[in-house]
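The data below hold one chain only, encoded as structure tokens and taken in the form predicted alone.
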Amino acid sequence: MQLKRENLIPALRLLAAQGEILVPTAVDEKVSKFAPWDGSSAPDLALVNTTLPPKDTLFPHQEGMYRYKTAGEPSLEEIVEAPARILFGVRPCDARSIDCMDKVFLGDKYEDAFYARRRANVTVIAHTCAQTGPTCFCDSMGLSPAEAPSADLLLSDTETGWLVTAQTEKGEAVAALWKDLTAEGGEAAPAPACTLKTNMSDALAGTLVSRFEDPIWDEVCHACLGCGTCTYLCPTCYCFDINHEDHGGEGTQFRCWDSCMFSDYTRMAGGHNPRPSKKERLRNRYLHKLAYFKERYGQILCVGCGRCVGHCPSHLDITAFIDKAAERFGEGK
């Protein structure tokens, strides 16, 4: 079924009755993010990728967990915040990132209740890429700019609108909601090739772990500032810290994003730090993205969105590292 361009606003208005719609939005000339739809304007679906990923919809930058009282009669109350939301226009790389987060927070051994509640109330509508940006490399990570199998519904560009493909029960509900706005016909545009290419392979993932003490880690770490930009813009980074605000007899416990690139992330109470320098921290980040997550969950954690490549103030480039490692260790495709 095809949704014509002139029916986009009516389609969004139907969705708005189901929950808050978050769409790609340009904040200024340099920053874009998923923000609440204004109810009348067409969302900017020409954005190749938003600067900020949609991660905080499911895993907020700061999230209240419990309210407590210690004065008088002690009490502890769980904070429940799980509004119905629709993520509209999510690119395939970001759709894959949500799948990665699901594996962590909805795992078979432990389920994070805060994430699970939000996830149950979020519908993901993905939008295929008509073009790619200069730092996009998702197809080197095993993804396709034209596919988002974990999304609830997929919109594929045609000459006059979008093909609508429901992929889950949530997606089927959206398609049913739009049935009077869609019609037969339409042919999806061919998938573009990513601009940036890198020589990642299954063999290289295993080799990197075995080369834990190789000089390559000393060679690539020097430019790193330890600023954490890569982790805060990454759609699949999920490190967090837990803290509390106490106001004399009552307070709130909350969690907030943290970064493995910060020097105090692994510092212990006695002062010992098993990752004392940027070498150990950068090595951990790259191995987690390319090898450790794959060992545990069967897929690479890097989705090739290119945000870390495009926004690192020191121009550190994970694709350049992959190519350097593949050439040195003979593990290219």
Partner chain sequence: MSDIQSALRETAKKLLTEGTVTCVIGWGETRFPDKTTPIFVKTPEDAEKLVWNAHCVCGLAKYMLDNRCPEGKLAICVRGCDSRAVNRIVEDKQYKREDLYLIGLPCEGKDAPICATCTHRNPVVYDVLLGGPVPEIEVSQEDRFQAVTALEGLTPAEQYDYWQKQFSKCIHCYACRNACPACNCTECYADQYRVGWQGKQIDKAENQVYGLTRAFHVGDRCIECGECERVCPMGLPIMSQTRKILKDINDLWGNYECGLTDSRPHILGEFDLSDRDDFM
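Residue numbers count along the first chain shown, from 1. These numbers come from a predicted model, not from an experiment.
In what follows, reference is made to the form predicted together with its partner chain, a form of this protein that is not presented.
- This chain is displayed without its partner chain, yet in the model of the complex the stretch 220-228 from 181-189, 152-160, 102-110, 220-228 comes within 4.5 Å of it by heavy atoms.
- Listed residues Glu245, Asp202, Glu77, Glu169 were compared with its partner chain in the model of the complex; Glu245 is the one with a heavy atom within 4.5 Å.
- Taking Leu208, Leu196, Leu87, Met141 one by one, only a single residue has any non-hydrogen atom within 4.5 Å of its partner chain in the model of the complex, and it is Leu196.
- Shown alone here, Thr135 lies within 4.5 Å of its partner chain in the model of the complex, counting heavy atoms only.
- Using a 4.5 angstroms threshold between heavy atoms, Lys30 counts as touching its partner chain in the model of the complex.
- Residue contact check for Gly19: none of its heavy atoms lie within 4.5 Å of its partner chain in the model of the complex.
- Among heavy atoms of Asp258, some come within 4.5 Å of its partner chain in the model of the complex.
- Contact annotation for 38-52: residues with any non-hydrogen atom within 4.5 angstroms of its partner chain in the model of the complex are Thr51, Leu52, listed in sequence order.
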